[in-house]
Structure formats: C-alpha cells, structure tokens
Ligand SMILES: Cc1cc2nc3c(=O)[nH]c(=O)nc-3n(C[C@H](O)[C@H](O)[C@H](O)COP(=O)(O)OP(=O)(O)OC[C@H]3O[C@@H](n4cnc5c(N)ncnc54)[C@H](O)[C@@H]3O)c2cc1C
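Have a look below at one chain only, the form predicted on its own, in structure tokens format.
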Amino acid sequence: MTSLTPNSAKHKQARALKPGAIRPAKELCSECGLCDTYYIHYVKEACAFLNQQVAKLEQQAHGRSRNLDNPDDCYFGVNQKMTAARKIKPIEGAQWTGIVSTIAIEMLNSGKVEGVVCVQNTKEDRFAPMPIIARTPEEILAARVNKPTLSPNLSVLEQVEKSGMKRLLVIGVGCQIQALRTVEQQLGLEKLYVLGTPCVDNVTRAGLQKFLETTSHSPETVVHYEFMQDFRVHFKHEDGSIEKVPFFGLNTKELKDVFAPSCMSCFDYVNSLADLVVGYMGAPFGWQWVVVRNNKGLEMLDMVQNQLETQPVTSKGDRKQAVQQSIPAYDQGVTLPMWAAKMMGVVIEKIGPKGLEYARFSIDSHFTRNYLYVKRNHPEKLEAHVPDYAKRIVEQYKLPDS
C-alpha cells in the first residue's frame, strides 16, 4: 500500500497516464482525472473502484463514520442537519435555482478560498466537460448546469499545487471526492472545502447521445435533463420548454448498457465525503435537498443563508413495494407502452414516496441494481467493494438469481 505521508515528494516523480492508456481500474474507471496527474502515484489507495474506504474517509473528513443503526445515517451518510432550500432570487440559466453556484461565488468573493474547481463545457459541445480552477464569479457562472457525462475534475490538481494556492473549494461527485480525500494532505493546502452533488448514472459522451436520441423528441435542442421526483425525466430545451418522459416508458432494453460501468458499480449516490451536499432527491418538487455533514459544510451554508428560502425535510409514503417490483422489471428490460407509462406515473406521483422516502426509493433502486451488476460482472470484488451500509439496504429485498 502506498504511504500517504504529508508533503511527500514521491508523487512528483510519477507521470500521468497518456491519453488512451488503460487505466488502473480498467473498465470500472470513472475518469475522475486523478490518473491524468502525477497523483496517479496514489491511485491504488485513492481510486473508489480499486479500494472502497468510505467508512475510513468519513472518520477523516467528518470526525466519525456513519451509524448503521441510525436509518438517516445509513441512507444519507454522516450529517449535522438536512433541509430543503431554494434561492429567493434564482440565477438565470441555472439548472435549479443556483444554490451551488451562489455558494461558490460567496466563498470566492469573501476570500475564504482563492479558487474553485468546477466544470465548464467546451465551446464545441454543451455536454462535454471542461474542468477548470475558477478565480472569478464569471468563471463560476459559466460552469452552471450539470454535465451528465464522466468528467475528469481532478485533472486540475497539479495546477493547484503549482499555483501556490492555499485555500480551495472543490465541487464534485462521490468517486472524485473519495480520490480527493485520499490525496488531500498532498496538495499543500491550508484549507480545503468540498461541495458535493448526489450523482448516479453518468455516461460517456457517446452514451449520452444514445440516451438523448432514444428518449427525447428533440435531442439536438436539449440543454439539460434530470430524473425527477415526479417519476419523469425532465428535458429542458433551448426554447425554454420542458419535455417530460415517464420513467416507466424508457426503452430499458436499449438503455441498459448506456450507463458507465463505474456508475453501475457505485454505492456513493449521496456523496458521503463532501462537507456539504446539494441535490434534489430528498426535497419537494422545485426545492433542493441540502445535507450539512460537518462544520465546514455549515460554514458554507451560512454564507448564503440570507439568500435562501428554507423548509424542513419531510417524508411520506412507502417505497418498498415499488422498489421490489422495479428490480425484475429493470433486470428483464421491461418497457411499458407510453399510455400505460404515463398512467402509472400519474398514480405513483399521487400515492408514491415523497421527500426523504423518495430519496430512499432512488437509493434502494440503484443499490439493488448495482449490487447485481457487481455480483454478476465482478464477483471477486463483491465483498470488499460493497460498503456495509449498502449491504444493509440491499438485504431488505429479494434479488433475482444470478
């Protein structure tokens, strides 16, 4: 195992992998960007798909690991508090109301950080990720809107060290943040803040194109999309219109192989190692779910508290029957006729799980699916790779035979 002593010079002797080279995690690589830097020296320790170590890193980042006997801990990770929020004055062009962008801008303007690792898109392609270290509010705003493709956020880490920057905010998803936490002490920083988003089912750029062409009536005009709490995929188009497609009407057979193998093997939907997490999955429709994991997370939220409207998180309904029914349906690639899918969507929206129960539904659905994927495709990894909290969640359901 690689020694991760602070201020080690060993990593500077390592060389990033050349483009196109086989990554250490092979087909499970999530392209987090670590191997594009000399921090590849630590990849066997840091990579979420070579060395699952969420509990250890939770202790490091938050002062404790999650209590598996506490249902909220087991599902949502270490947290000081959860709330639902939205900006009183939304940012124009933001995917939701712009909470993540606003926090990043306030952290930069206040001098708490000197730069923000975030992801813009290339000039040629709105969905092609381009990680940067933003140093101005304008650069942060240019990164608004999620990019649903695999993104090498950590590829800029060498620039951080070479710049002499000492206070940094990193925005990222679970696999990126596990690698970041592992090499955190090597970056020479005085202060690191981590702002996370929940993440599930990313794709390659080619996979994204297949998803758009299979699902949307106008794939070339889609600006962004999200799988929402009303059990529909919401596509926003260039003209501002919203197209809604029921989950149950998706062409499952065509799309089963579109998601990246790393995402099919991931059990960190809620971004366990970030200081603060902002997503939508545990909030009412139109609101964001905000999870404060530690004091740094609280510090970031406090920076924008006066710009937010908030309400307590709630939970309603029972997810378990819907999850159990979804397991064989996905496994067998079942697709309903669109009229039936729309009808089912309306019914489930009225009587189905909401708030935190919807979040549990989404976690259960993905963890059971991913557990089966790892068991079938990487059985040698199953025991060590699936965290204890995920095993507890999966054990609630009857899975098909492998």
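The numbering used is simple: start at 1 and walk along the sequence shown. Everything numeric in this text was worked out from a predicted model, so none of it was measured.
The following text describes the form predicted together with the ligand, which does not appear among the structures shown.
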Given a 4.5 Å cut-off on heavy atoms, tell me which of 326-334, 243-251, 139-147, 78-86 is the interface stretch with the ligand in the model of the complex. 139-147
Taking 4.5 angstroms as the cut-off for heavy atoms, does residue 96 touch the ligand in the model of the complex? yes
In the model of the complex, residue 115 touching the ligand (heavy atom, 4.5 Å): no
Just to confirm, residue 172 within 4.5 Å of the ligand in the model of the complex by heavy atoms? yes
I'd like to know whether residue 265 contacts the ligand in the model of the complex, with contact meaning heavy atoms within 4.5 angstroms. no
Every residue of 24, 30 and 52 near the ligand in the model of the complex, heavy atom within 4.5 Å: no
Just give me the single entry in 155, 294, 186, 197 that has a non-hydrogen atom within 4.5 angstroms of the ligand in the model of the complex. 197
Which pick from 208, 260, 107, 278 sits with a heavy atom within 4.5 Å of the ligand in the model of the complex? 278
